[in-house]
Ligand code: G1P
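Have a look below at one chain only, the form predicted alone, in structure tokens format.
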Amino acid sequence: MGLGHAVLSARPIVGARDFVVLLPDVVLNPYETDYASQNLAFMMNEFVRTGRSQILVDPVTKEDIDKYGIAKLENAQTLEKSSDNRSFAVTGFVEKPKPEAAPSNLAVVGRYVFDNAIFDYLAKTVPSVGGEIQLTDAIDALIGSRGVDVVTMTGNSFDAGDMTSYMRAFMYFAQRQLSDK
């Protein structure tokens, strides 16, 4: 019934607490980042500092824009990859836009730090694309009332959503494990 429904299903377990969502089809490379201060750790610190939900994004090439949900920032822009996490206020998301119509090159990576209020918006979200409850629809509502930030990812990730990319990730980690012995 959609990612939004899956997140909403966790409400009885999460209760009134704020929470983190980690999508398992994206694997962040632990060899290129500092888990204690970058990416998710940075997002959690930003959430505590600002009180705004945080969503991890990564700059993608123009050729790959139509494969992802793309962040809309206050000013349309293309960002370069950085070795530091950077935070930007987001005004919405566009699902798999054509490259020439994309508001940025920042693709959603699948890491979220949410204010518990997202549950209220998910509960009111009606099925849309594909008859599913879309998490992005609830995030757009949250943006309008509380604000949401995107955080640029450091390091790289592996999209394990298809067998080819999953095998690339598997081989990379197997090689790293062998070379670390």
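Because the structure is predicted, anything quoted here is derived from the model rather than measured. For every residue, the number given is its place in the sequence shown, counted from 1. Rigid core here is just the name for the largest C-alpha set that superposes within 1.5 Å across the two forms.
Beyond what is shown, the protein has a form predicted in complex with the named molecule; the following relates to that form.
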| property | result |
| --- | --- |
| Proximity to the named molecule in the predicted bound form (heavy atom, within 4.5 Å), stretch among 64-72, 116-124, 42-50, 148-156 | 64-72 |
| Contact flag, residue 60 vs the named molecule in the predicted bound form, heavy atom cut 4.5 Å | no |
| is_contact(residue 141, the named molecule) in the predicted bound form, heavy atom dist at most 4.5 Å | no |
| In the predicted bound form, residue 3 touching the named molecule (heavy atom, 4.5 Å) | yes |
| Contact flag, residue 33 vs the named molecule in the predicted bound form, heavy atom cut 4.5 Å | no |
| Heavy atom distance at most 4.5 Å to the named molecule in the predicted bound form, all of 29, 163 and 167 | no |
| In the predicted bound form, residues of 124-153 near the named molecule [heavy atom within 4.5 Å] | 134, 136 |
| Shift of residue 92 between the shown form and the other one at or above 2 Å (CA, core fit) | no |
